[in-house]
Ligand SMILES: Nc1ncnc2c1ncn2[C@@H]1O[C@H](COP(=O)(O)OP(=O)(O)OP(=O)(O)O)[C@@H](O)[C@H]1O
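One chain comes next, on its own, written out as structure tokens in the form predicted alone.
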Amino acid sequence: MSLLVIEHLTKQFGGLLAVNDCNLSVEVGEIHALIGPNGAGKTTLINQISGAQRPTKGRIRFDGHEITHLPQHQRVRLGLARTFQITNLFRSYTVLENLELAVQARSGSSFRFWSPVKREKALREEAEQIAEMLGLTPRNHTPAAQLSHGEQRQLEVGLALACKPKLLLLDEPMAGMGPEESGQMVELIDRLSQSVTILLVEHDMDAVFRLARRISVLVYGQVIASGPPEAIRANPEVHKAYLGDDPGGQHP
């Protein structure tokens, strides 16, 4: 069953076709990786799915709803959440305070006063549950600015999870990480996939081939191949465009 369906999506900036007649589907329960060289249009595609940018033409359907022209906040209410390449946190607030604000935003509570949020037991309990899921419980009372880069990326994933998404868009979650932090993020994404469908944009091919059940390859704004990891490894067109010239070579 397709949770997300993209049909003939196009995004044009003047004479530049960033996304060009793109077709893509994401099935319920899968980790679907979107890969491609720099400038292929991956982030532009994610921006259109999330509602940050409007397509020039084409159609986006999510969970049976036509969302092509819906604003971002309405897409979030339908169950679509994302993270960004650049971490976006309240750096002076603690891990729990960041998560409480995210839970509060989803619940529609007032932002006029901070103090009532602290007194709200349900918000605190849900924030604590998300922190535990992230593996950040020991850092609950640490300001976000004092977290490591990897922990900040994990917390950003938690802010998206607070929206209770059906589909989580992860835009290069391993960016800037070392091997140990990347491994922790891979484990987190793998755990999350048990409860949420994930569309993953990532340059770390080790992570992609460990996590993805399906991979789509975007080149010059078009999906040139889509299928299980073993099929992508063996696809000559993918190797020529992105992975390398030798389909028989060793890849992750």
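Numbering starts at 1 and follows the sequence shown. Predicted model only: the values in this text are computed from it and were never measured.
Here the subject shifts to the form predicted together with this ligand, a form of this protein not shown in this document.
Checked against this ligand in the predicted bound form, the candidates 53, 226, 193, 222 yield a single residue with a heavy atom inside 4.5 Å, and that residue is 53. Taking a 4.5 Å heavy atom cutoff to this ligand in the predicted bound form, the contact residue among 185, 26, 200, 40 is 40. Three-residue candidate spot 21, 209 and 215; no residue lies within 4.5 angstroms of this ligand in the predicted bound form by any non-hydrogen atom. A residue is said to contact a partner when one of its heavy atoms sits within 4.5 Å of a partner heavy atom; residue 126 fails this definition for this ligand in the predicted bound form, lying far away. Taking non-hydrogen atoms only, residue 16 approaches this ligand to within 4.5 angstroms in the predicted bound form.
Looking at residue 156, you'd find every heavy atom of it more than 4.5 angstroms from this ligand in the predicted bound form.
Interface membership of residue 172, defined by any non-hydrogen atom within 4.5 Å of this ligand in the predicted bound form, is confirmed. Contacts to this ligand in the predicted bound form (heavy atom within 4.5 Å) from stretch 144-164: none.
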